[in-house]
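Below you will find one chain, with nothing else, as structure tokens; this is the form predicted alone, and questions on how it binds or moves follow later.
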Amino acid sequence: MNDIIIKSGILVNPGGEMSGEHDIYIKNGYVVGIDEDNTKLNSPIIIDAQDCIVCPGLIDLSVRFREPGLEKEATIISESHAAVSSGVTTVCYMPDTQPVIDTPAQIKLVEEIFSSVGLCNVKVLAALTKGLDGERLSPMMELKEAGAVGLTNCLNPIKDSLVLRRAMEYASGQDITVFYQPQNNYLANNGCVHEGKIATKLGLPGIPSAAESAAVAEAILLMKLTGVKLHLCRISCLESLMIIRNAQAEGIRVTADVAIHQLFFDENSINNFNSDFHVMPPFRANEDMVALQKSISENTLTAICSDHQPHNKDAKQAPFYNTQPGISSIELLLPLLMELVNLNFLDLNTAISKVTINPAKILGIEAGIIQKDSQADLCILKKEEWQLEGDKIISSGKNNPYIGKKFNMVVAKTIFKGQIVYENN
């Protein structure tokens, strides 16, 4: 393991005390000093980070790797390479694999695969209900003891409000966070796009915003009743933001995140039936997108994630309604975040906090910060114009609506446990 000195980088470190231009010293996988001439370093690699941004490695709250069971779409190896190309060093592993991650053995299997790959940390979100069936509660205590940092049912429906209440009560008793993606499936009624003028024009079944906001209100009320730690996932509409903001104003400690693509597209993106824009929750009305853009500068939306969902070509080659929802987006998480900074929706410090220290606090883990004795997970960004080309996408999933888009910032290097795991050549 090589020692490293990162020279003259512009440190952006929302969770730490230091920012501005600094030298960072790394030994045996840990930060051993900032601006300290540590003579114990052994023939270190010198990285000239002049005019570059140095920030903590990103923490992504929602990533699908498709393994085990769906390796025809992607694998842990392929998507880990895509993750580190965007500076992501910690990923939340979703349980909707085949088989579902609802046993301690499944958690251990995932952790062992990531350990052997050695590119990034994994934090497993286990299933809230057995098989994600929405009826039978999972063995939450055993899952927590096996390493699960939280529980989720993804977008699989919970049978009824009583089951959700019991799940929250059980999770509260085990002091484990419920990651809840709000959608009332009766109101959603098997829709595939936002219920609005574009859905009507295209003849596609719509999902009203109320399907999400009603579920948000219910979840917050049950949070107050049960005392559970609640994180709301993938918020997409104005009404949900209003409910969350009001709850937070009352002192309710609910957190929420948004998928990065929801900040760039609205319902008009589906006008030509392009299935790369088929996502869940769907792209909403323009006023919803604008409200999301305004809210990311506040605490209403605590974190931003990629909601990475790689698919093979067949999954997107069908009539729009029959295609699989999702975008292969993880390797654009940081470039898109920097575009939000350039558009003045976020200042740089707040932007980095949404993908580092804030998700670390949500997960209850020690990460997302650069300080002495912390694990050396870092990202180095530099200004450079580039364009996304389909054949250059690292992920196995090429389902990406940003192909052809130009960016102004690029990840130069990603460091994980003191090792350079990605370099932009």
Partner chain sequence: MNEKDDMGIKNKELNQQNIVSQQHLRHFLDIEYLPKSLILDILDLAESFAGVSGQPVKKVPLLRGKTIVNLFFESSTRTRTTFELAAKRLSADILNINLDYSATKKGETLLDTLRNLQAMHCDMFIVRHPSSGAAEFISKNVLQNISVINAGDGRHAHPTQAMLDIFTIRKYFSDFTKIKVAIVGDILHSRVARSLMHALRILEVPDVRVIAPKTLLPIGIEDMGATSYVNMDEGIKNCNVVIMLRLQNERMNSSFIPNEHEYYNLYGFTPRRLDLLAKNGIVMHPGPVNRGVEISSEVADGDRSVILQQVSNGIAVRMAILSLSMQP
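Residue numbers count along the first chain shown, from 1. In this text, all values refer to a predicted model and were calculated from it rather than measured experimentally.
What follows is about the form predicted together with its partner chain, which we do not show.
- With the partner omitted here, the stretch from 217-225, 260-268, 178-186, 85-93 that lies within 4.5 Å of its partner chain by heavy atoms in the predicted bound form is 260-268.
- Taken together, the three residues 197, 202 and 319 all lie with some non-hydrogen atom within 4.5 angstroms of its partner chain in the predicted bound form.
- 272 is the sole member of 344, 116, 161, 272 with a non-hydrogen atom within 4.5 Å of its partner chain in the predicted bound form.
- Counting a residue when any of its non-hydrogen atoms is within 4.5 Å of its partner chain in the predicted bound form, there are no hits in 70-92.
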